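The chain that follows stands alone, in the form predicted on its own, written as structure tokens.
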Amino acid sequence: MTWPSAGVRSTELLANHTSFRIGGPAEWFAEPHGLDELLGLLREANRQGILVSVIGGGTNLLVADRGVRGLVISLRRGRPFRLVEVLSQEGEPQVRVRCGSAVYTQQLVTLGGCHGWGGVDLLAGLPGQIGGAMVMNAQNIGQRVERIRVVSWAGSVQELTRDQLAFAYRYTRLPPGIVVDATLRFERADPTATVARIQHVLQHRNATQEVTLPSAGCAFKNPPGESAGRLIDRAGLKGARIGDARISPRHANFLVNLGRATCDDVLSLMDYVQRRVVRATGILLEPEVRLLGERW
């Protein structure tokens, strides 16, 4: 197989690209340096009938132990995908910011704190990159979105405005493809007060969430009017373990890797949690973490 980019690698271990530190190899793995290179890769994969997957910061992702067939793309090495550009002029009531999808959310939070972007504190402590946050509407980031640019699997570019995106809890209506950038709006605010709000959010997160062991963040979505963590805790499951996958004693909705956890360990523990919580409450928890690859 010949790719239009010299940077495509074979059998790249995906455990090295996820916060869970779990996952087998990608058949092909690419880190395009810009939009043209990304388009070339997607068009070639489409021509060859090769399945394409994308990973961002790898923070909400569980990769199968057997790995992933086809081409896996990461945008983190491409400079255009890591840029933050302020579009508004000084004195305008709002700040418009265009972010590449590989910008880490905490980079945006730091910039927003320094320059007084009101509302950026809602992203404080959120792991991963802007592209993944857009896909999941993480921390309700959709309320700040003006438009998103997406590249289809066939290699065409489409721009979507806010009213086309239908943001909801852990959901954004996006066409199949890869988010390459997003334009956000923030109010102008006092930088000192903004930094203070960010620090308060970070202190709360660090005190209540699992931050020391590899994980993929929250394992399950919150049911309407309920907290998945509270339901799991009430079922007496904090600290439960299968293999090296364990429910965090600090936050029951965090599943952590104690060192050698496999994808099957995590999925078996998630299945066990679902069955126990249904038995105790009648509520079936829906996974929030996304599975990439083939389990069997």
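Everything quoted here is computed from the prediction, not taken from an experiment. One rule holds for the numbers: they count along the sequence shown, beginning at 1.
Here the subject shifts to the form predicted in complex with a small molecule, a form of this protein not shown in this document.
Three-residue candidate spot T11, W28 and G67; no residue lies within 4.5 angstroms of the small molecule in the predicted bound form by any non-hydrogen atom. Residue contact with the small molecule in the predicted bound form: F186 places no heavy atom within 4.5 Å of it. Proximity of S227 to the small molecule in the predicted bound form falls within the 4.5 Å heavy atom cutoff.
When the small molecule is considered in the predicted bound form, K221 lines it closely, a heavy atom lying within 4.5 Å. In the predicted bound form, the small molecule sits within 4.5 Å of a heavy atom of D233. Of the candidates A245, L38, L62, A252, A252 is the one whose heavy atoms come within 4.5 Å of the small molecule in the predicted bound form; the others do not. Taking Q143, Q94, Q139, S152 one by one, only a single residue has any non-hydrogen atom within 4.5 Å of the small molecule in the predicted bound form, and it is Q139. Checking 76-84, 98-106, 144-152, 167-175 against the small molecule in the predicted bound form, the stretch whose residues place heavy atoms within 4.5 Å of it is 167-175.
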